[in-house]
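Taking the form predicted on its own, here's one chain by itself in structure tokens.
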Amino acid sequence: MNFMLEDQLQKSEGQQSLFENKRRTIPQLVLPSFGSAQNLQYQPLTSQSKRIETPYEKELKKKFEKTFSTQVLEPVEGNTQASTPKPKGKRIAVLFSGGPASGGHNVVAGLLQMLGEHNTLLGVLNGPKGLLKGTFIEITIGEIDRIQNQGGFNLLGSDRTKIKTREQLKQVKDMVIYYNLDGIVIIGGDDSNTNAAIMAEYLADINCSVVGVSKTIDGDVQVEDYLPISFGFDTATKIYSETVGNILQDAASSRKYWHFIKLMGRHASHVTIEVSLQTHPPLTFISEAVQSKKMTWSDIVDATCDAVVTRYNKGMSYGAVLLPEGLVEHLADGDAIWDHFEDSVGFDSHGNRKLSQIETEKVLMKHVQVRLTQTHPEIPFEGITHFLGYEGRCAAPTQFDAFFTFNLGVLAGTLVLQGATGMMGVIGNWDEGGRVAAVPLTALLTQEERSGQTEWVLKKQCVNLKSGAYTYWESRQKDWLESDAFNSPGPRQYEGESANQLPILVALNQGYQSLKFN
């Protein structure tokens, strides 16, 4: 037996692959506002003249009497190298909430580094549920060395428990008092940051800071140019784009299959449009455009059949269709279609339908096949279906997400040390080296129907049909349909020219002149 090789293989077990070990050695870089990774500068953010406008100011002031704000916090201008003495003896807890997104571990790494050796960081096991139960561990530099630049949320785990009842909030307050916490950092999406806003209000009277960090691969947590995208989006869409590019290459090689590919995106189609911009498939449906045009399911089937016929007439009996998972909810006859699925799908703890369980891609493929048999029996048609979702959530972060998240962690550490509460750390202006700020969570809230009730939730940003990304994408649809204009972008890179590439959607929407982030 080859004992030397077997020994090497066994030593690579437990997240010790060559790739994972190499990623651990990549040094962290920080934005100028924070000095350097080796010598982080603690510089509290202050109120400037900038505000986040909200149409619900009157109502929100009543609901959040202690924490409501519209003021944006930013570093003192022209003072990027100044450092204030860092507070000592602070005890901060951090938790993951909701589905994973690449870069979460780097948020924790940046947070611990900003807190430094004279403050304590406690990790909450298993998300909000762990906060209610008081399951904490102390996070050390050794733990950070192990998970730096690694994907997933496995350091602490996560769950989707929604904290909103008075009983739950009292449980949280009891844990804060018992563990003598000065602050809580919640790493999550729109629902999780809604939790953060509610908790900040409830804990204000015991001076426990609550800070949110936005993550979601769906990319639907955005705040103007302060936060053009949430972390995890870049990694997920690059992974999906690699697979879709491979599928398009295969379709052009086999010359006989139509691939129906469903992508993540419950409420918004940012993932789908980004993957489409990366790979140029013949046909893509964007939920927001479908809703705007008041399209029905029959319209979707007709549009797909038309695409098949168009390409067949140009000598191409193959292609691909991209679908966002939330497509059904945006159809003009969506309610009627839901009658077929409601009992089997159900809702999650936040009142959202479990859309990933709807096999839209399979249903569409079958309906297209039936329709083509009736209307164009001479056209050969073979369909294959795919759902790309969980593959993109826990991968090692791209260079952009790794840099983005470490700095978000440093920013979150700054905010909890200075006692800011009800705020979400944000980074934008990626074409100019990055700009840090903190925006008030309460100003981002809107009203939404959940399980038959109206609730305050963090506003989700859908694809703007007048945005730079959408208008460019729409202008290319005819060419992508009528030719093999596909790209196969390949795997995410960590060195070379493509390693520092921003999401195309961000660059177009923000009016950047290049895809490179500085």
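One rule holds for the numbers: they count along the sequence shown, beginning at 1. All values derive from a computational prediction rather than experimental measurement.
A second form of this protein, the form predicted together with a small molecule, is not displayed here; the remarks below concern that form.
Q: Counting only non-hydrogen atoms and a 4.5 angstroms cut-off, does residue 311 reach the small molecule in the model of the complex?
A: Residue 311: no contact with the small molecule in the model of the complex.
Q: Does the small molecule get within 4.5 angstroms of any non-hydrogen atom of residue 195 in the model of the complex?
A: No - in the model of the complex, heavy atoms of residue 195 and the small molecule never come within 4.5 Å of each other.
Q: Report yes if any heavy atom of residue 330 sits within 4.5 Å of a heavy atom of the small molecule in the model of the complex; otherwise report no.
A: No, no contact at 4.5 Å.
Q: Spell out, yes or no, whether the shortest heavy atom distance between residue 215 and the small molecule in the model of the complex is within 4.5 Å.
A: Yes, residue 215 lies within 4.5 Å of the small molecule in the model of the complex.
Q: Name the single residue among 259, 90, 162, 266 that comes within 4.5 Å of the small molecule in the model of the complex, judging by heavy atoms.
A: Contact check passes for 266.
Q: I need to confirm a contact call. Of 409, 440, 98, 319, which residue comes within 4.5 Å of the small molecule in the model of the complex, counting heavy atoms only?
A: Going through each option in turn, the one that passes is 98.
Q: Partner absent here, but in the model of the complex, which of 389 to 397, 372 to 380, 172 to 180, 418 to 426 has residues with a heavy atom within 4.5 Å of the small molecule?
A: Going by heavy atoms within 4.5 Å, the stretch is 389 to 397.
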